[in-house]
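Below sits a lone chain in structure tokens, taken as the form predicted on its own.
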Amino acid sequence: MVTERRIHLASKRAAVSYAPDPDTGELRPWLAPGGTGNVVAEQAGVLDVSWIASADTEDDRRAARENPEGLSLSLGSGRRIRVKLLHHDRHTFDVVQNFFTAELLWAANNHGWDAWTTPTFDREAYRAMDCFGEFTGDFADALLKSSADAADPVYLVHDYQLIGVPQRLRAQRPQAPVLMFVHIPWPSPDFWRVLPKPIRVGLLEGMLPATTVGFFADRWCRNFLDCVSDLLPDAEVDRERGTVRRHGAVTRVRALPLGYSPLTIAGRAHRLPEGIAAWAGEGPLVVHSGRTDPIKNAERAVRAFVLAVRSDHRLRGARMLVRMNPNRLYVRANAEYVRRVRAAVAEANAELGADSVRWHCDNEVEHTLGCFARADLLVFNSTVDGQNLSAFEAPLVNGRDAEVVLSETCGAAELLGPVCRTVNPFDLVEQAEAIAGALTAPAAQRAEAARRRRAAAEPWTLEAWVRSQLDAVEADHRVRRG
């Protein structure tokens, strides 16, 4: 049984970053809100296992050197975990962090290129692939070292930065169950073909030695299987069963949805950012929430709000808050996205009246939950999104029967689409009509819709997701060995 084996867990992003305490100067952990790191950290807490992640900053590396056996910390949910931070070669890490994953793979998986002017690959991309191989080796070596005395280890490897790890693990532990879970979307073969051939093929070959390849949604599974069928001629793909047979072994591709962590929601206070309560008053408030990442699409959400108010006199006096969590602002596309959002907010206020739309940016989880709770309408209109956990969290903490506008290209739409107002994230007219319809819906209709959304979201807990991973890799391990 997989559950009786020793479990070894890894992801690139940690839920914690170390920095000196302003008062004492001593290193202390600072928990980051949201993202893959927090999800995997909570998973480590559920499983009660140590977790391997990257040391991102000089202070992280110092903390790793001072605590070679790992660092213990308490999460917002109250769970305690132990994390071992890997100290990568500085140049290798910078190339992987700032170029190969942050720009190249992120753009490839999230349809971030227009293909008319970008991208253009030169020797830099090939050298970056070499660095990615070294980075992959660091994680594989750490996992193998941590499991050296385990007769029957199981490996849970998380997110796109580690998609080369299963191949390295399989070479040394050929009988071990390996789960490779990708938290972001997977594109169609035509878009994946934009990558240079050695990169696009090499990455697929790095993943397929896994026992199970997991995504949040069926649509990403279908795209992945199509990529394998199109780009690896020696692979036998069974789309109906979701399997790939290659080199005598079977890999199962599965959708394993996640919605929210009940303990994290319950353990956090709900606070509006300073001044927001007085500004919003008791009038209708639209909240758009997401990271400072172009896929979150706040600029179009603001323009759709303006179109809705302009088109329906009943919405005069409604306000909109763009709530952003700062994320990877060293990436040019992210910094430019923030500039465009601020410009859209300024243009909205010039048309609708000063201070009709505000933007607020910080990493306080309590502020995000406070905005979810106060909203009369929640907008999650990502251009594409692996899942978007906020679409599950927000209806569960909201106290005003807020409607939800949800992009049809979010992974979350597979589960929540029937109980939300789903929209094309590129269509301002459809989004404006959804905003107007939501804000003017009768109270009884809103209440019933809110009840149905909560019922749809509630089953998809972190604990259920962890169990689904273990059940999947156990079942798929039996098939692979057979």
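As the structure is a prediction and not an experimental result, all values here were calculated from the model. Quick note: we count residues from 1 along the sequence shown, nothing fancier.
The form predicted in complex with a further copy of the same chain is left out here; the points below concern that form.
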* To do: Go through 418-426, 48-56, 64-72, 439-447 and give me the stretch that gets within 4.5 Å of a further copy of the same chain in the predicted bound form, heavy atoms only.
  => 418-426
* Asked: Which residue, His111, His360, Arg254, His270, has a heavy atom that falls within 4.5 Å of a further copy of the same chain in the predicted bound form?
  -> His111
* **Heavy atom within 4.5 Å of a further copy of the same chain in the predicted bound form - the one residue of Val397, Leu315, Val201, Ala333 that qualifies** => Ala333
* Arg222, heavy atom within 4.5 angstroms of a further copy of the same chain in the predicted bound form -> yes
* Report whether the minimum heavy atom distance between Pro294 and a further copy of the same chain in the predicted bound form is within 4.5 Å. => yes
* According to a 4.5 angstroms non-hydrogen atom cut-off, is Val250 in contact with a further copy of the same chain in the predicted bound form? -> no
* Asked: Is there a heavy atom of Ala350 no more than 4.5 Å from a heavy atom of a further copy of the same chain in the predicted bound form?
  -> no
* What are the residues of 221-248, in order along the chain, with a heavy atom within 4.5 Å of a further copy of the same chain in the predicted bound form? -> Arg222, Asn223, Asp226, Asp230, Arg239
